[in-house]
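What follows is one chain in structure tokens, specifically the form predicted on its own.
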Amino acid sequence: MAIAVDRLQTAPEAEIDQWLRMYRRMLMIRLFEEQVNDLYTRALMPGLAHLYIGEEAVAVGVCEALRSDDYITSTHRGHGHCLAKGARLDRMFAELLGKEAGYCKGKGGSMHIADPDTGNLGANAIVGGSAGIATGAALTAKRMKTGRVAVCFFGDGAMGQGLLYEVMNMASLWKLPVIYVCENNLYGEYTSNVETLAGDMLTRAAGFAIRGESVDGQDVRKVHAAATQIVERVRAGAGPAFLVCNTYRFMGHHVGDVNREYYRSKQEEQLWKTERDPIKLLGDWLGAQNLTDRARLEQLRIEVKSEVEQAVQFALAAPYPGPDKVDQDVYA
């Protein structure tokens, strides 16, 4: 017991606060997505959503390594990225429900949320579609000497998109401060990437002379450690980097993908949920290191759950944009 007390006394408070902040952020994403699923099943949300449940450690681990003015671009499975970069729960829910209080005034929906104030240049419904945006932002940052970096999140399905390789080539030639983060969740929609990806992902980046590494995407500590080193290197002018985070989506491709056994088994899903849950992994580690206790973690859950519920009520009560706004903030 004396050892545990010593550990609690000697662990830097800033370190404990950071781990708890990341735990809280992952929990926020999880509870947000669970609520999104509930809104969909109750027919209160128009359209579909692609849930980030199970992948929270990637967005949180990477974004924790960024400055508030650094850029990110996101994907169709982008709620986690938005929240990890600092988006507000109430405006997120409002956007998903098509309300005027949403980040894009209700016109972007689940797959097109953007929040420039937090450096979020937007989600993108096109697979790999934001790669050019992130690379362009990195070019701007370099030319203007702002010291910013850009992070481009994408799934393993984007590894089959030519745009990604075109911009990686340019980024390498021009030594742009951009980090390409592949969230390898093993499936492109309903197909295992064993059937769609030839060769090794890291060697593809190496072909452009881009330094890459692979990390356990379920362990936020490992993601954050890798991201911190990469961000520091890229910000110092070393050129682009490539990070593969091996992860898993606990739910279907989208909220309507309920019966999934034709492309992956229930046993596989259960294994990841019970043994590789990123929130549980961090919570167990915090407890094992005597950096916190279960009561504190449960209190965090209660607090976040209350915040999520209040945000939902705000969005449900918020008005829709009026008919006179139909031609505003829309581009073609």
Partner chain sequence: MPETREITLGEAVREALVEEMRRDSRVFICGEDIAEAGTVFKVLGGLVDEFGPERVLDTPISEAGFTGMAVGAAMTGMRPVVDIMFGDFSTLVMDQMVNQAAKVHYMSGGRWKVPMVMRATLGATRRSGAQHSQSLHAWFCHVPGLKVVLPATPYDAKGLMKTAIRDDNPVVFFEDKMMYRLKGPVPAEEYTIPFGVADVKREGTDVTIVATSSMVQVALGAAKLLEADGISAEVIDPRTLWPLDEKTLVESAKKTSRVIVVDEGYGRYGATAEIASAITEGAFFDLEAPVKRIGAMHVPIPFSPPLEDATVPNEQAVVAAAKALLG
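Positions refer to the first chain, counted from 1. Just so you know, these numbers come straight off a predicted model, no measurement behind them.
A second form of this protein, the form predicted in complex with the partner chain, is not displayed here; the remarks below concern that form.
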Would Tyr103 show up as a contact with the partner chain in the predicted complex if we use heavy atoms at 4.5 Å?
yes
Examine Met144 and determine whether its closest non-hydrogen atom to the partner chain in the predicted complex is within 4.5 angstroms.
yes
With the partner left out of view, is Met170 within 4.5 angstroms of the partner chain in the predicted complex by any non-hydrogen atom?
yes
Though only this chain appears here, would Met251 touch the partner chain in the predicted complex if you measure heavy atom gaps against 4.5 Å?
no
Let me know the one among Gly86, Gly132, Gly212, Gly239 whose heavy atoms come within 4.5 Å of the partner chain in the predicted complex, would you?
Gly132
Okay, which stretch from 226-234, 188-196, 77-85, 212-220 lines the partner chain in the predicted complex, with non-hydrogen atoms inside 4.5 Å?
188-196
Judged by heavy atom distances of 4.5 Å or less, which residues of 81-104 approach the partner chain in the predicted complex?
Arg91, Glu95, Leu96, Leu97, Gly98, Tyr103, Cys104
